[in-house]
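Here you get one chain, nothing else, as structure tokens; it is the form predicted alone.
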């Protein structure tokens, strides 16, 4: 197991229980929920194939669903987010030449590019998860408020996690 895979595994093993035990209960105004575990998908190396990323997304969502009692919701949304990760990344970084297992982060990318990438991923995930949940009981304004404020809340936590994540001296800028 290489260093990148080990780092991703440790991050996932910390964020999955933290999401179920801690973050799911940090609801603001009965609207905004931080979905911090998507940090794992956001920081997947760009060079990972769609199949590998989707498998990781599926397993991540399945673990969160199992601990949060949300059957299949996070599994579906994490798999879709992992599939859309690379095209969204290329909106802000046009090429991935010479990336050799590099993970998107504040230290490996231009700060503005990483923040735009992370915010887009947060908005996409929140739109996906609340759209899936909206099939149960639908209140359009509540739906929009949840997407907007959960995206902002999640983005703030992802930004904090990105700032806390260590960087090694061998990482190159994307």
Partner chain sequence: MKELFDFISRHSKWFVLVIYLVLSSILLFNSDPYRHHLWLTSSSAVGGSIYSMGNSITSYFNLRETNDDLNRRNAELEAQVVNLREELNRMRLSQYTDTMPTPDSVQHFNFIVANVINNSIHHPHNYITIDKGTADGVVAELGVIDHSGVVGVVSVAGEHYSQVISLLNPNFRLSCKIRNTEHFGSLVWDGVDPTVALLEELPRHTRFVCGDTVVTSGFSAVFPAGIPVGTILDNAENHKENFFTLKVKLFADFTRLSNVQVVINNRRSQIMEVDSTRVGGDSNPANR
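All values derive from a computational prediction rather than experimental measurement. Positions refer to the first chain, counted from 1.
What comes next is about the form predicted together with the partner chain, which does not appear here.
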The one option of 67, 145, 119, 127 with any heavy atom within 4.5 Å of the partner chain in the model of the complex is 67
Taking 4.5 angstroms as the cut-off for heavy atoms, does residue 93 touch the partner chain in the model of the complex? no
Using 4.5 Å between non-hydrogen atoms, is residue 50 touching the partner chain in the model of the complex? yes
In the model of the complex, does residue 24 come within 4.5 Å of the partner chain, counting heavy atoms only? yes
So in the model of the complex, does any heavy atom of residue 123 sit within 4.5 Å of the partner chain? no
Counting only heavy atoms, which residues in 33 to 61 are within 4.5 Å of the partner chain in the model of the complex? 33, 50, 51, 54, 55, 58
